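Let's start with one chain on its own, the form predicted on its own, as structure tokens.
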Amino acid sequence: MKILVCFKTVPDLEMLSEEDWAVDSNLAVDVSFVKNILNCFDESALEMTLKLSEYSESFNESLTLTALTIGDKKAEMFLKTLYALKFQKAVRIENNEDVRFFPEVIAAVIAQYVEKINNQDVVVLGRQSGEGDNAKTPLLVAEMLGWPCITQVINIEPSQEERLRVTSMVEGGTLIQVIDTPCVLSVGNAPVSYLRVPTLKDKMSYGKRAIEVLNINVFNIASLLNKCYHEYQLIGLEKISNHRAGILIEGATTAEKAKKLYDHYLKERLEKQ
């Protein structure tokens, strides 16, 4: 079974101070000095796929894992890490265009890669990135390939006859399905959220293999890019406030404040219990 895991590297925005959130004349925030990290949902997808590969050994099934990312050379250190973790192939699609808010473009590139360059049985993606936050890319990839898509995936296990046992979150609980391939899996808030660290021996043995680099221009997306840039325009950026709402309880003494807390906020709730 051939599995393609698509991931994205994003700037660690938690490293920015309040003063760093300054939008320049090009409607951009300077993040050149911030380190890149794996997008959290994609990191879960990568680790989940590695676990699937381990499980498959007991089923005598052979899995071929390919990692793909669209971006600049900063992503290559992550691809080398994935080589050290026993991914068989690592692919970077060179891109100099700003396509963060165009999931149609990203999905078209992934779909064309599967259809024209490296046929796959399963495509695994994180549900959304920390920049676009649109949660559309996995669904669009599935639509373009004509494959079924399962969203909010939290676990993948092998099953008999080259099928997969997929656990996903649904309203009110979890759903377990045994599915045929091909399919697209969109990984959500999985309990496995961190990528394992390769050993130094594996880094030396596997991490130095050549990364396959393709230019985004080899894909048929010129008209789509032109359409996106003409139909959509970024008009502003604003940092979302993460401050919690609250009420400051006034009082001359601690006892007075505690009484106000009880009388106005806790008494009615406690009486209902």
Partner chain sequence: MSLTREQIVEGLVKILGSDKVITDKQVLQESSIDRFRKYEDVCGVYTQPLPAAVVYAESTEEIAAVLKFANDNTINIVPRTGRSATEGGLETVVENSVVLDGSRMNKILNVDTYNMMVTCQCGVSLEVLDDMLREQGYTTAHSPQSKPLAQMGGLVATRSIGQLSTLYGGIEDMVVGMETVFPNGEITRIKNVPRRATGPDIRHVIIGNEGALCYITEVTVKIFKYRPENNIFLGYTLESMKTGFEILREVMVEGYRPSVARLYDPEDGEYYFSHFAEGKCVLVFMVEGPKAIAEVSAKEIENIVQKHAECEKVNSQLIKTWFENLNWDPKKIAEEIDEIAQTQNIGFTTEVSGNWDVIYDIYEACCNRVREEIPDITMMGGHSSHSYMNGTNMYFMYYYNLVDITPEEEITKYHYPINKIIVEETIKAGGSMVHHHGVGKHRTHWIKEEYTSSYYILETLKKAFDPNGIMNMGTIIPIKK
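Residue numbers count along the first chain shown, from 1. Between two forms, the rigid core is the largest collection of C-alphas that superpose within 1.5 Å. Keep in mind that what you see is a predicted model, and the values were worked out from it rather than measured.
Below: the form predicted in complex with the partner chain, not depicted.
Proximity of Ser223 to the partner chain in the model of the complex falls outside the 4.5 Å heavy atom cutoff.
In the model of the complex, the partner chain lies farther than 4.5 Å from every heavy atom of Lys116. Looking at Ser32, you'd find a heavy atom of it within 4.5 angstroms of the partner chain in the model of the complex. Put simply, Thr199 is close to the partner chain in the model of the complex: some heavy atom of it is within 4.5 Å.
Scanning Val99, Ala84, Val91, Val192 against the partner chain in the model of the complex with a 4.5 Å heavy atom cut-off leaves one residue, Val192. For the partner-free chain shown, nothing in 116-132 comes within 4.5 angstroms of the partner chain in the model of the complex, judged by any non-hydrogen atom. With the core superposed, Ser17 shows a C-alpha displacement below 2 Å between this form and the one not shown.
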